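First, one chain by itself: the form predicted alone, in structure tokens.
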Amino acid sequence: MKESYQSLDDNSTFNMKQVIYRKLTSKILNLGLIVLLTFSTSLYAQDGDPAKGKSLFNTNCAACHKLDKKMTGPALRKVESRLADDHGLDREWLAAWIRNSAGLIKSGDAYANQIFNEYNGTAMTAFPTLSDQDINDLLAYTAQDKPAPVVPVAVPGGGGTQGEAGLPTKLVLGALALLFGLLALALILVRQTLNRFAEAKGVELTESQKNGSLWKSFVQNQFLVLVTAILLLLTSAYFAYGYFMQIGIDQGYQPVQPIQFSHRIHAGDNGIDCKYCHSSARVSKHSGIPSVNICMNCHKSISEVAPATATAEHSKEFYDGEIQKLYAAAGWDDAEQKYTGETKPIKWIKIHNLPDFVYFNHSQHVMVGGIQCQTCHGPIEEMEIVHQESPLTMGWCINCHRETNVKVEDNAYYTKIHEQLSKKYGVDKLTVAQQGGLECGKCHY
């Protein structure tokens, strides 16, 4: 009996251990499944380097793809997990598609042909040289979550017109008004003090002297009236001359354009050469207003700015809205990635204006003279809104011609002229003025 009881005890202990092991195994499997589901999207590209993938994406993919928006090709954010979940396709299929999409289409692959037909038969560029690690890096980059938008931080102390010393103009004017008020009060007090001194010394003053106004005393002094009149006439003539000489000079002119084109972003942050957009400056007297097609060369692919572009004055949404104005002008449907044919003219406002009788040739200065755009237009690459930096007056141009040496080195056009004029003036360097740059007919019709 003892042996049978012992056997029953052993069997029950064994059965209890089996139950415990089964429960423990079940918990481990459930926990593993939860972890797998939680991190499934990142596991697809866990063996790649997102930083290297970003560089590869910008070099090879960014012309046709964006992470979060359909362009020439589909959006690629979490593309591997989406293909696996929706179509049962793995990384090997993606690698085959990236390296030779045309071959995959010809093989009769169903999803490859679906994508090809969905995007109007646009063939994807083949990248046969991308290694397995390159593809892993690309997929690691596309597997990242979308970053949260960056909120620009307002700069404290902004606003208000500043004077030359950095003080608000209203404060300066208020201080001057207070100063003149104090001077007038001081004159009244001085007059009262002099009257008391006269009474103390027994000097008899007439009623007009005691109670007469400052104005009456001023009028009775003919010399003071004459000097004041001459000063007023000279001052008036000076300011009238200055006013009339400023007619037609629009230095600082900064109109509001129908689309806020930021030279700071384009020429500054992105380093776009001025002559890429203003190509006429190379061959024409005019620099030219870029056509909408020039803008769309880039903005067919760029429908929003980077979050870092936002400033305290303008948010990312503001700049994105300006790009939408460009699309409306070009008749571009960004969602469908095609032109609608419904265009609208952009009514740009010209900033730099010269009188009709003045001749200025951009190509002569830019190509022959080698003058940088910033010489006349100021630090254009720093301007959020363009303004007229230079006065563009006749005197300003003449001073430049007098002070600027012509670049004759390695310039066959100037070789003979340089040799002759160097002998005439006995100098190695020649200014524009010495080559006839001050003749009236050079700039005036």
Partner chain sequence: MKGLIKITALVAILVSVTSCQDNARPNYQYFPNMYESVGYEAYIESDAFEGGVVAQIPVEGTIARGHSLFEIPNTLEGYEEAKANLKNPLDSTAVDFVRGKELYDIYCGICHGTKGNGKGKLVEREKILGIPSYDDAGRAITEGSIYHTIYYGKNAMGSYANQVNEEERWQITAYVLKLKADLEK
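Numbering follows the first chain given and starts at 1. C-alpha atoms forming the largest set that superposes within 1.5 Å between two forms make up the rigid core. All values derive from a computational prediction rather than experimental measurement.
Not on display, but discussed next: the form predicted in complex with its partner chain.
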Task: Answer range among 344-352, 81-89, 194-202, 227-235 for contact with its partner chain, defined in the model of the complex as heavy atoms within 4.5 Å - done: 344-352
Task: Option touching its partner chain, based on a heavy atom within 4.5 Å in the model of the complex, out of 370, 174, 147, 271 - done: 271
Open item on the list: Give me the residue from 118, 356, 317, 336 that has a heavy atom within 4.5 Å of its partner chain in the model of the complex.
Closed with: 356
Open item on the list: Given that its partner chain is not shown alongside this chain, does residue 223 nevertheless sit within 4.5 Å of it in the model of the complex, heavy atom to heavy atom?
Closed with: no
TODO: Spell out, yes or no, whether the shortest heavy atom distance between residue 275 and its partner chain in the model of the complex is within 4.5 Å.
DONE: yes
Task: Distance check, residue 127 to its partner chain in the model of the complex, heavy atom within 4.5 Å - done: yes
Task: Contact test in the model of the complex: residue 136 vs its partner chain, heavy atoms, 4.5 Å - done: no
- [ ] Taking its partner chain as it sits in the model of the complex, which residues of 76-115 have a non-hydrogen atom within 4.5 Å of it? Please list them.
- [x] none
Task: Rigid-core frame, C-alpha of residue 253, shift of 2 angstroms or more between this form and the one not shown - done: no
TODO: Answer yes if the CA of residue 122 moves 2 Å or more between this form and the one not shown after aligning the rigid core, and no otherwise.
DONE: yes
TODO: Could you tell me whether the Cα atom of residue 100 shifts by at least 2 Å between this form and the one not shown after core superposition?
DONE: yes
